[in-house]
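Below you will find one chain, with nothing else, as structure tokens; this is the form predicted on its own, and questions on how it binds or moves follow later.
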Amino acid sequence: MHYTNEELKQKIVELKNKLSVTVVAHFYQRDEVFEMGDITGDSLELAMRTRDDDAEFVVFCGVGFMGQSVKVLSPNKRVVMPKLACCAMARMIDSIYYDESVKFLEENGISRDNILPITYINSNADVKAKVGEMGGMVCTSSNAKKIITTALGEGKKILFVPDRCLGQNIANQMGLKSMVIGHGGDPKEADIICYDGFCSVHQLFSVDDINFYRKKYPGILIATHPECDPAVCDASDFVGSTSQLIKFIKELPEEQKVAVGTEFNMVNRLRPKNTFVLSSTKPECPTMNETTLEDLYLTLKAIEDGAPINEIEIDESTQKWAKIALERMLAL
């Protein structure tokens, strides 16, 4: 039987009231899915807030690494996902590519003992575990500068994975020298050595887009996410994480125009007037948009039937070291 969105919403609410579940939705989810979330936010916020939730099941509407982060921080919870979607950036690196990056640094005269790895939270649990084993930690876009500042205190070379843009942007903000593996340069001369990964959505924004909006609306502000290209961030008025962008825009006078360089669904929900998407195309995350209301309903129905689907499982060693990497960040 085919249900309308309104019928699905009603059925979802009924199942949420009946079952021991908490529905969690990331900012980039479709509007109709986002509206069903009991807890909403960015990836780390969701993982942290679900630790304090006492429901048996966390139903996570997002992408794979986010569901894994919930499971890593709360191993006793049962975490299921309506869609096992995978972040394109997280797929760009795995434990093998990570080992090859460490080997590259060693072959270029940097000993393993002199490498301090940091992984962006947009990475899978196996990479977080590798980082944890080497004494490193996780960061988010909002705390990357603080994490890197702390890491530099150890006097080691920072291997930053997987997002080259975030690594380069933080280096630029701090007056540090960065390089990207595979793009030339001597890693011994760099403070931050970045893996060559990126967010396909945030690559859509360009300096030409900024110039277009500045010409069309004199006085407009440009606000971008640090996953954007460094040239875009350098030309912006404000650069910040998802939560920082929301706060910045919420505090603007209503008449102040702003063009925002981040995922479409989030920008579209920010405020009704004088807010523009910094792109001539629709910067919609394809994997974040895979989850539908029907997927959410079927996942809840499967829990009701005693046969949960798409449950996140992580092996004991990966769980241990990924949790250590995350908890080192949380301790700061």
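Note that residue numbering follows the sequence shown and begins at 1. Please read these numbers as outputs of a predicted model, since none were measured by experiment.
We do not show the form predicted together with a small molecule, though everything after this point is about it.
Taking the partner from the other structure, the small molecule in the model of the complex has no heavy atom within 4.5 Å of any heavy atom of K71. In the model of the complex, the small molecule lies within 4.5 Å of some heavy atom of S43. Using a 4.5 Å cutoff between non-hydrogen atoms, H225 counts as a contact of the small molecule in the model of the complex.
In the model of the complex, the small molecule lies within 4.5 Å of some heavy atom of Y120. Considering the small molecule in the model of the complex, the lone stretch of 53 to 61, 294 to 302, 272 to 280, 24 to 32 in range is 24 to 32 [heavy atom distance within 4.5 Å]. Proximity to the small molecule in the model of the complex, defined as a heavy atom within 4.5 Å, singles out one entry of S178, S101, T242, S236, which is T242.
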